[in-house]
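Next up is one chain by itself, shown in structure tokens, the form predicted on its own.
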């Protein structure tokens, strides 16, 4: 039985298993399976190197392992090498590991479904981890006019910006597109105001952006993160993290199986019934 999974720490919240199971059902792939693989950083290398022998064809990779996923690979796609992080691993029959990055094209695909999006927008990216690297690279390669990077640890933002050709900022600046690549909003313990404060923002500031994307997801469009909730109160167009998850997951599915991804089935499996506003 071919096996797939998603590696992260934490990973219990992941919608990827239900999304891929829906894809398998739509394509008649009854012998395929997909599971969560919770791995603390200290066990990442040892465990991932053993997955191929355990019947795994591939794995998606999420926080905090995306840079480690690239480092462990024997081969990597052009995007993964340029970004410096990977979210898709493929395990060869010979024991080799190949890394790809579908985060960047997944984001661009999700943004491409929006109406009225400027061809060359200005953008602000919050965060400096593996997802942020993919988003910055993707936006710049898609023709963004400027991409600014903010992180609570300024040195990390400076390093990312220098490596990818963006600019680091000491506080969030106004732009047409705002993309949150941090994990803020994943936990429900903080109030909305506290969560926005961790992003260096107030609710009124969020209203100054034309488009707000949050890679974090909770319950889809009906249970938005604090960032998306604030944006919607200001009538800002939003993209839920589930939309990006489906877009990047579809690319992973096609890479592993060689089949066209059943997008609508994957959207339903992820919990999306219609495109989020």
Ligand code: NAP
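Residue numbers count along the first chain shown, from 1. All values reported here derive from a predicted model rather than from experimental measurement.
We do not show the form predicted in complex with this ligand, though everything after this point is about it.
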query	finding
In the predicted bound form, residue 129 touching this ligand (heavy atom, 4.5 Å)	yes
Partner proximity in the predicted bound form: residue 88 to this ligand, non-hydrogen atom cutoff 4.5 Å	no
Contact test in the predicted bound form: residue 153 vs this ligand, heavy atoms, 4.5 Å	yes
Contact of residue 139 with this ligand in the predicted bound form (heavy atom, 4.5 Å)	no
Three-residue site 108, 144 and 238 fully in contact with this ligand in the predicted bound form at 4.5 Å by heavy atom	no
In the predicted bound form, the one of 29, 63, 229, 210 near this ligand [non-hydrogen atom within 4.5 angstroms]	63
Contacting member of 114, 72, 186, 168, with respect to this ligand in the predicted bound form [4.5 Å, heavy atom]	186
Heavy atom contact within 4.5 Å of this ligand in the predicted bound form, the stretch among 174-182, 74-82, 90-98, 201-209	174-182
In the predicted bound form, residues of 74-100 near this ligand [heavy atom within 4.5 Å]	none
